[in-house]
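Before any questions on binding or motion, here is one chain by itself as structure tokens, the form predicted on its own.
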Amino acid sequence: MEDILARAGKVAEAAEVFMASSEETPVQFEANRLKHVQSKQASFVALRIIREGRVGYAVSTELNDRQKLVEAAVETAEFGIRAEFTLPGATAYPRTKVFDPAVESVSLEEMVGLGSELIDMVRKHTPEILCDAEVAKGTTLVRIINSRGGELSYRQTGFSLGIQGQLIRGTDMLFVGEGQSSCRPLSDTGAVAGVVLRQLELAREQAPIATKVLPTVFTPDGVASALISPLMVALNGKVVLQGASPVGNKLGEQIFDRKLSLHDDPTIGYRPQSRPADDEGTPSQRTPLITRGTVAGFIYDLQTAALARKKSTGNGGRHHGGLPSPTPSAFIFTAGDTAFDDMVSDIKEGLIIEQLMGAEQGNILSGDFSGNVLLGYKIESGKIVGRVKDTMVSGNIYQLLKEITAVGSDARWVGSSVYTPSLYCPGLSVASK
């Protein structure tokens, strides 16, 4: 990397070298059986330069051909965007814990055993269900150096444990599932399987539901599948800069319910999306986005922040080795004080959304969404009475989140990048056959 930087320094005013290498070992089960165990290794090096005021960029998986990488970056600089940013110099980084050596010592036999345990627990409850499961571990090394003296190197471990089940009875298909991820080893298969068993119990009976506006409770999985994508787009500084965000000119204004607060935070220990700095070497930080319903900020990388006359929030991410762009790390909603069961008992007739399919197909910029309820339950007289079928919902997240009846006390991680409680909304358009 030092040699690449030195070569680039001879032909550019500024340069940055980014390198990432990773090794992952997934253990996969399909249709209740072990499918395969394999190890994957990948590495790449990326060079970003500023030459005659413009950005040049090149990326390669061939780490030995250094001069070719520099020449490719020089060629792209002729047509590159004008650089408005300055690379970060030497600085201190937060001590974010993202590495646990215990991950590397988990054996393949142990991983196979965890996957088998998950499937056995679920099939003991429902023998005819077909389960896919995955247990995976991995280690990533990231290093960044630049011509201003900025330098960062860190290792990160990851471990995930998950299961999905499909139950087919005649023309009826039921999908259930749960997963967990961490920078530390996971071994509590009972916690993961327990969520799936609860889903199977609640879905045991079917319940017809009316076509009308109904009070709706989004579980944490429901929030993640229906509401997160439009918010991630709207709070992206690049979208704000382009004038396409519906909240871009609402900074400091209350447009959501006062019970709603959201921030981005990659400094939480042992979370897969945490890190000491972003992919440009900007130190990680906690960034308020919505504070008690008020738009409090947006996420920025170096270039977007400079154009907006802001400071980078440490959200520069490289997608598949591409140029950095504003990228969420971990979206974290502040938990409320209402128990999930209390939300349900408050509803005379309503819907619980556990998983929505196709919500991203709406007009994501405007906040409109619609989708099929892949897994959801009907509420009658304060009780869950069964699973709904052939049901669609539609709405607008800005209208939906403008008035929230309650925010749950049941906040938890969904996937690796969303931490959310259940949200109880007073009305959502429901259509059922």
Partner chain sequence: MPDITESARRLAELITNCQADYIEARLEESQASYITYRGRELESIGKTRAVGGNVRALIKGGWGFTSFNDLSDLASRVESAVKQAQLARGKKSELAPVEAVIDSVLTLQDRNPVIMPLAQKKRLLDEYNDVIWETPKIQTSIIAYGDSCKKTIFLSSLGSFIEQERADVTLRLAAIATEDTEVQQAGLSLGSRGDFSAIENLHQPAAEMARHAVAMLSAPRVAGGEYTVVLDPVLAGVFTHEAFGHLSEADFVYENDRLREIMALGREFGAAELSIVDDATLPERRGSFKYDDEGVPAAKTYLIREGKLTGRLHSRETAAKMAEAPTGNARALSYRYPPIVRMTNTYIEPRTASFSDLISDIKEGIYAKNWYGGTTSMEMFTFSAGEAYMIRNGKLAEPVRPVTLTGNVFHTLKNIDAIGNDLDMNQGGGCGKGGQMPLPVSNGSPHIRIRRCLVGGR
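Only a predicted model underlies this, so the values are computations on that prediction, with no experimental measurement involved. Numbering follows the first chain given and starts at 1.
Below, we turn to the form predicted in complex with its partner chain, even though it does not appear here.
Colleague: Does at least one non-hydrogen atom of residue 40 fall within 4.5 angstroms of its partner chain in the predicted complex?
Modeller: Flag for residue 40 set to yes.
Colleague: I'd like to check something about residue 101: if you look in the predicted complex, is any of its heavy atoms closer than or equal to 4.5 Å to a heavy atom of its partner chain?
Modeller: No - in the predicted complex, heavy atoms of residue 101 and its partner chain never come within 4.5 Å of each other.
Colleague: Taking the shortest heavy atom distance, is residue 392 within 4.5 Å of its partner chain in the predicted complex?
Modeller: Close contact exists here: in the predicted complex, residue 392 approaches its partner chain to within 4.5 Å, heavy atoms only.
Colleague: Indicate whether residue 396 is a 4.5 Å heavy atom neighbour of its partner chain in the predicted complex.
Modeller: Residue-level check for residue 396: yes, a contact with its partner chain.
Colleague: Find the only residue in 250, 198, 286, 148 having a heavy atom within 4.5 Å of its partner chain in the predicted complex.
Modeller: Residue within 4.5 Å of the partner: 250.
Colleague: Note which of 401, 50, 59, 406 lies within 4.5 Å of its partner chain in the predicted complex, where distance is taken over heavy atoms; exactly one does.
Modeller: Checking each option against its partner chain in the predicted complex, the one that comes within 4.5 Å is 59.
Colleague: So, 31, 244 and 366: all three within 4.5 Å of its partner chain in the predicted complex by heavy atoms, or not?
Modeller: Contact check passed for all of 31, 244 and 366.
Colleague: Choose one stretch from 88 to 96, 292 to 300, 182 to 190, 320 to 328: the one whose residues place a heavy atom within 4.5 angstroms of its partner chain in the predicted complex.
Modeller: Checking each option against the 4.5 Å cut-off leaves 320 to 328.
Colleague: Counting only heavy atoms, which residues in 116 to 145 are within 4.5 Å of its partner chain in the predicted complex?
Modeller: 128, 130, in sequence order.
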